[in-house]
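Encoded as structure tokens, the following chain is the form predicted alone, with no partner shown.
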């Protein structure tokens, strides 16, 4: 048996491609699912969470009492909105974020999210980009209390801290500002505009990361870049050629700065990047950009089967996720959840490089029992050396 480690040691060892005492555990939930789960665990459920603590998708930072109760290893923290207030409501009843993107509240059983509408740069020209009200990463509202919180969690807990500072990204934010269909057409018809927009978004992303890393980088195990969904279920949203020509240069620049600043403060910390979907064709490109942890491991998207990823990239890349939120967790029995956990650990955990979590954010349709079963099974099967 490997000597028992603290959570921070466990995560760091795994991300260094070494075998810790057991597979590290993380969590990713929406607000609706989180409230349900807290009630299931017998913990206090708040009516309101602080402005800026959730995103348009209603992700929420899981609180330390849940993390302690389940024996998880990672606490997420991050920046807030420049004014520290979250969404504002405009005259049409839409919720407006810090990018001036209007969103409407779309409810579904057990929860809701904010769907972007009326993209504000749909008809913009390059000249219009200069006068647009871009978020200000230097605003006090982004950082109020963050340094104190990170220091407290670092000194008072043994958990690994994962921070995300960027609040929009490059390709992802362009979809909301320009329109999902329009930005794809622009890449072919208006490449000069796209490069001007991406350059501006890259500048904002880099400044968020610079501010955050300089503020609390010494406390962190991972920095998560702004999420950028590049894949669908069966393929990329754009061709590898278009990715390399239009997007990769900005990732290289943004990832490069974040990695440089992070390693200066904390040489062992890793850079994490999120993209859903069938991104196999550009995984080597993302590694070249500086991705060290891929988020999420999504087992049923085409071409990114966990065993394949581990075999081809396991010496250069670590993963977060792996337990399917599309079928197994919402629809499976506890026995089926435990079986998938066993399979995923067998595929992804040998040699380190794996943090087990849901393959995407947990939604309210996932039975709370299945969530607890996922972590109980991970502790049972995830002891090193793996003998499955």
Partner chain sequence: MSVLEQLAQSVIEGKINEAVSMTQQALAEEIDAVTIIQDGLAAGMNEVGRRFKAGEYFLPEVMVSAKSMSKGVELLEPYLAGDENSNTVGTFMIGTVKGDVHDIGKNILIMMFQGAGFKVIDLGVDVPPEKFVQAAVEQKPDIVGLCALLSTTMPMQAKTIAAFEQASCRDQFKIMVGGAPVSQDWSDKITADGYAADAIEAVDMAKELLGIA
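Keep in mind that what you see is a predicted model, and the values were worked out from it rather than measured. Positions refer to the first chain, counted from 1.
This protein has a second form, the form predicted together with its partner chain, left out of what is shown; the following refers to that one.
Residue-level contacts in the predicted bound form: of 260, 152, 180, 122, one residue has a heavy atom within 4.5 Å of its partner chain, and it is 180. Of the candidates 203, 242, 157, 266, 242 is the one whose heavy atoms come within 4.5 Å of its partner chain in the predicted bound form; the others do not. Only one segment in the set 78-86, 123-131, 228-236, 215-223 has residues whose heavy atoms sit within 4.5 Å of its partner chain in the predicted bound form; it is 228-236. Using a 4.5 angstroms heavy atom cutoff to its partner chain in the predicted bound form, all of 188, 327 and 330 count as contacting. The closest heavy atom approach of residue 365 to its partner chain in the predicted bound form falls within 4.5 Å. Within this chain, residue 198 is remote from the site of its partner chain in the predicted bound form, having no heavy atom within 4.5 Å.
Its partner chain is not drawn, but in the predicted bound form it has no heavy atom within 4.5 Å of residue 140. A residue is said to contact a partner when one of its heavy atoms sits within 4.5 Å of a partner heavy atom; residue 184 meets this definition for its partner chain in the predicted bound form.
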